[in-house]
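Alright, two takes on the same chain below, each alone as structure tokens: structure 1 and structure 2.
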Structure 1
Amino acid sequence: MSVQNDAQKEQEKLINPAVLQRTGFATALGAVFATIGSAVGLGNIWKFPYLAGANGGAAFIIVYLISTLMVGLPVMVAEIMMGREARANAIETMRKLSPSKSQPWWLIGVSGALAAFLIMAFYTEVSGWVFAYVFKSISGSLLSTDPEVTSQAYASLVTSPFQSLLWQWIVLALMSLIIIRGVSKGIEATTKRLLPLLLVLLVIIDVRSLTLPGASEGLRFLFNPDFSKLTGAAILTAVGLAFFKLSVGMGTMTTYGSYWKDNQNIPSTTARVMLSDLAVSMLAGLAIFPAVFAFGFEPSAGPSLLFITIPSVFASMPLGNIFMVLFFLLTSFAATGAMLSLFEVPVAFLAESTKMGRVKATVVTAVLLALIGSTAALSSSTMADFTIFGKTMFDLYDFVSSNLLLPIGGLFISIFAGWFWGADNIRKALSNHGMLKNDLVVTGLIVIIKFVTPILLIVVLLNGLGIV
């Protein structure tokens, strides 16, 4: 049977040049690094640690872990599994695996690709701020213990049309150069270098943060289980975060899965990706919150923590400017891995579904992102008064992608995999066609994907729409 399959693949290469040109990750380790790089992003640096601390510490983390096993991880497994089976981009994967050509399952891929594009439209702007702060920290212009000064520095950046567009376009140009080099020489090679550096820098800052006087208050904020804060709203937050943190529902894992090797153990590897993502989040919390509490600052979420509070915190400690530079460097590394996976979704679709090559597909995607993304970049300056449904373009892209497209995409991925593609195909794919003896794990995943994940994703969707 394997001889026939190999012969069929070779014949397919001769018939279809696109298959011949298609590459994947060169090594299993490279696939792991790239997938972790996709999951790890700016949310790991400030959002997860803050939400954990504000919603019960260790109690919240326990709910988050359970939710990840029920929501985020099953969808990740389904996406990577189907991408590897189809060996195609997110849209074509759903076309290939659909039990009937008349069924519009390919719209799931369209939803994912659109979500990836809209996220990039505003994520490149936030990443541009991070890259700008690397240079600002090197110059010493952020070295002030007064939050009013750091607040003014942040405001001058985001309200300047020139700076906003410049840094967004710098980010787009950098990502384009990496994507053009291909999957193994571009994405894989970059993430294999950046992730270890990110971890090293995090550990260095952790050591400094934990040795500050009064750092224990930050540890209590993160790890003290306070079940009184574990309200219904906190549980819903944990469930939603478990889904959004793993970069699922946006076509990235389907696209990356199509580059995985045939003999890679998907359930085992995705579990390691999930735990690595959590570890980075916790290390980021250890880097930030002991220092925040040591110097008497408030642990607020969002840009105010990342771009206003953090510079003031580092300015308050000896050799603070050095640690500030290291912090924004590692933050830029985290942003890069996530952006590459998002960028690859539309590039893979254009390169494989049209006659344009990878270089042209990358340029077209970058130009479109520069045009659409500029409306997000200018949302705090020249387009601040332009709103749709009361939202600036930045907020609108965020809302449509995060609150609508991602949970809808994840919901239909789990429904398609569990109920239409079916248990038999899942067993074949996750056992590497009988090469792995993991029946118990696969059976558990099938039950969760069919019965548990869809219900929880409906809750995530209703919560995002403000209904629940």
Structure 2
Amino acid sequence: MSVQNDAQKEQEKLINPAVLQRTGFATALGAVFATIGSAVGLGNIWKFPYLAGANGGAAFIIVYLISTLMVGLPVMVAEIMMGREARANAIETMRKLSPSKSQPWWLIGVSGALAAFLIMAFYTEVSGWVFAYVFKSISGSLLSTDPEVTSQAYASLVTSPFQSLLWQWIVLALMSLIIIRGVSKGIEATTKRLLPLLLVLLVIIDVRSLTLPGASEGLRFLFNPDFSKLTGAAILTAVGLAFFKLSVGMGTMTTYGSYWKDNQNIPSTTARVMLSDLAVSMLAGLAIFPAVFAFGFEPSAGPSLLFITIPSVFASMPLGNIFMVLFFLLTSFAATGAMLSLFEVPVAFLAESTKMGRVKATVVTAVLLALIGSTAALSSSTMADFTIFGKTMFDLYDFVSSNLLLPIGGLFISIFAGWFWGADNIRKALSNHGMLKNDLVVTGLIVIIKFVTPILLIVVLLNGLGIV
């Protein structure tokens, strides 16, 4: 692109109202809520438990913890700081911070936007089932201790093209309504209300689950490692989960970072986001496994753990119908905060790089998501036989985004931040331009971002894909 063209583009951007009137989260606390809201999601309640169940319980959790610390958290720091420095959407941030305009670093942003679409495609579907389950549990139609019956209820939902699409579209419409209201009035206001409620409900269910006779078996499962199940592919899955959980490797945190306040302490706040997310995963594990074992169900039931086993587990306990409603309600709250952040990636980009404005950008995104998402929604019905590499579209989107796009995106983000944007810029950004005295922490982070994260990611990717 010629210099003149670039200058012209800059000019046009400045006249774009979405760029001119760019706002962010109204308060530092609101930024924290929204960011935790992005991290906490179906990952904690749907993915984390079944992946831990299938890959050796505590052994998988240990690898997941290491991945979170050495890979997930550093990439989160990198994304938030670059987003905040550039004050722009994920693609524009990479373009702005790139040391030379001829280097195509903005492609990281593009791959991130692609990942956001793929994740949203299956995420809105699972969220749709969760919303449907809130209603089904209120109506009492899920109240059976026989997994055969609950599995029928699940099958009738997912194998009906009409119901699958309907619930997905309901979810998309709800998210659009919140996104249209804006970053502060929409995202921040919603997550600020939902997160505390989510926590209260989760703790209530924890107490119920942990006080059941026979709950200790579930604790043993969560905390007793079985290392024999840890294959290279399982380790890649743990790393992929760490990325998915912290919403990193694809520009969500870059976008949210661009809405953070100038005086927020990035290393300590991101660490708190990570710890809160971890706490919710553990609380979800403690809500689920003790109860599953107490009633003699199988923990490694795969993704259906949430939709087939859990309802039977609740049906087995006194007042189970009430706990079931609360459980699916809290899951729908968790899913909402995460979806808002996924939605925001393309919306921010479209609104700021075209003249369409936020409302149109939201509608365009929602329509695109409905189109791509429908291929995931129909994966258990009309399109069940349509597979690529033996995977339905639903499974393919999940695999490609979590196990490929996010780790590869994270690899390039850490390389870009550490080696091209560079240590000096990182120092400035993480010390809030000299306002914070956190030299030691920042030096440690620079070493991790430059060396540890990229090397670990390369090894895990090559190994997990069976290349070495």
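Start at 1 and count along the sequence of structure 1; that gives the residue numbers used here. Remember, predicted model here, so these are calculated numbers, not experimental data. C-alpha atoms forming the largest set that superposes within 1.5 Å between two forms make up the rigid core.
Student: Do you think the form predicted alone is shown as structure 1, or as structure 2?
Tutor: Structure 1.
Student: Inspect the rigid-core superposition and answer whether the C-alpha of Ser228 shifts by 2 angstroms or more between structure 1 and structure 2.
Tutor: Ser228: C-alpha displaced by 2 Å or more between structure 1 and structure 2.
Student: Taking 2 Å as the cut-off, check whether the CA of Ser276 shifts that much or more between structure 1 and structure 2 after a rigid core fit.
Tutor: Shift of 2 Å or more: no.
Student: Verify the C-alpha shift of Phe244 between structure 1 and structure 2: is it 2 Å or more after superposing the core?
Tutor: Yes, because once the rigid core is superposed, the C-alpha of Phe244 moves 2 Å or more between structure 1 and structure 2.
Student: So with the rigid core superposed, the C-alpha of Asn463 shifts by how many Å between structure 1 and structure 2?
Tutor: A shift of 4.6 Å.
Student: Once both forms share the same rigid core frame, by what distance in Å has the CA of Lys391 shifted between structure 1 and structure 2?
Tutor: Its alpha carbon moves by 2.3 Å.
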